[in-house]
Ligand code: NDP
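One chain comes next, on its own, written as structure tokens: the form predicted on its own.
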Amino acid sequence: MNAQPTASHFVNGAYVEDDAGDVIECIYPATGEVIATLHEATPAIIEQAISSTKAAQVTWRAMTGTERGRILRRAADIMRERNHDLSVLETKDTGKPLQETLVADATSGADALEYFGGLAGAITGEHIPLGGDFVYTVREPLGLCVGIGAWNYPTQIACWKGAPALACGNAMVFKPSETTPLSALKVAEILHEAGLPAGLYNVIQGRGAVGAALIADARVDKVSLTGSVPTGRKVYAAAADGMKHVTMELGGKSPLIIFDDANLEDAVSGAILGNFYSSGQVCSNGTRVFVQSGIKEAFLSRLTERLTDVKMGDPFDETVNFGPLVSEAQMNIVLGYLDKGASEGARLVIGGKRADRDGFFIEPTVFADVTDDMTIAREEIFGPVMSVLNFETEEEVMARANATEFGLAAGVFTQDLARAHRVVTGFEAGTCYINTYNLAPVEAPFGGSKMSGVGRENSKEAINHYSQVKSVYVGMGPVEAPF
């Protein structure tokens, strides 16, 4: 396998280029150097991508689910065999440490292909007896799905959207983020190598205008976006104009509640995973850490000790566990929030500035004594910034935890399991955790409520979002009519 894709787009089973498209520079975040130059999809490339998927989907939907699943499972095997090369590419694309990408990116994508490959043959309808007559239902593909990816998990997102779509018999055109354009091309290449019909899963590059062109096309039946709430609003509105199916996996400002009976070491670990993994660039992060007063000082003390184990540096050094922000623009956004946290009166515990090295590195940062009205407690930062808020009672913290427009994730650490279940029942969030945080196995539904989105990714739930039900009423006797 070539370590890097050989052209900007993968369409109809092959790499294609059209250098008339605007230039997209792929920048390695650890150094700021340009590692690839790509071109946005031109109208001709967009047309080629859509028309080839429509043709390929006719063949694909006629296959049995078991046959489709066999190809997806083969692709999962190939992805696992090439995990190292794919992880290297993901690290170049995102700047995430190789220590992380080796276990969290292509492996997660392979899990999705394997899971939905295994499920494909079990996508069936039901029989509904009505005395002599009966109804049967058929679960059919939607047709052509458009996937629009985010820059934090480019390989994973390409598979999380592609695997259930393909398992149900759909075709997909996937547009990665222009910030991380490389990894999804390899997903398309592997799917084709595994036996996917040419054109069934195409990847084209571009900024917002390319995404808008895909969404607006009348031949598109479904749009699945992973991105920010402002982008989600625009995409949802555009899709609604064409009455298209949608899945919106958007941002969050999720609460993580730590009661004073929690296991301290586990709670600190959960807060680290929910704020600093992937340098804080995870949509479900628990960035509002509510700590009960009885454990607050011990929590901050142990957290500060643990953060001395951060090793920042060359992402290809497998001992490095903390990488850069994905881009200079994202780094500057996060630096702006650091300034707001300080100016609004939060207490800086550790970090708080750009690291003194090449690339887009920001120190892991913890603010304490954060109040609910501070900007860093209300807005999604998408960087390595933890806000620690004080609380006294369960009733108080639940009201504060839910006082947000977002509803993606939420977590609680306590050794009182009755309280744990009571708390998650009260959370206004789609993805909740008890005594752990930020795990996302393909077997479990993932998604949010309120402004954090609609629909679910992963699990059997995803099948409902990439298929539609046809009802067939079967009359078994004479037909009566009033005249």
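Residue numbers here begin at 1 and follow the sequence given. In this text, all values refer to a predicted model and were calculated from it rather than measured experimentally.
Just so you know, the form predicted in complex with the ligand exists too; it's not on screen, but the next bit is about it.
Comparing 124 to 132, 268 to 276, 82 to 90, 146 to 154 against the ligand in the predicted complex, the single stretch with non-hydrogen atoms within 4.5 angstroms of it is 146 to 154. Contact with the ligand in the predicted complex, judged by any heavy atom within 4.5 Å, is made by just one of S387, N202, T404, S177: S177. Screening P315, P364, G206, G286 for any heavy atom within 4.5 Å of the ligand in the predicted complex leaves a single hit, G206. Among heavy atoms of N170, none comes within 4.5 Å of the ligand in the predicted complex.
In the predicted complex, no heavy atom of A106 sits within 4.5 Å of the ligand. In the predicted complex, G341 stays away from the ligand, with no heavy atom inside 4.5 Å. For the chain shown alone, A212 is a contact residue for the ligand in the predicted complex, at least one non-hydrogen atom being within 4.5 angstroms. For the three residues F259, V423 and A429, a heavy atom within 4.5 Å of the ligand turns up in the predicted complex in no case. Residues from 245 to 262 that approach the ligand in the predicted complex with a non-hydrogen atom closer than or equal to 4.5 Å are E249, L250, G251, G252, in the order they occur in the chain.
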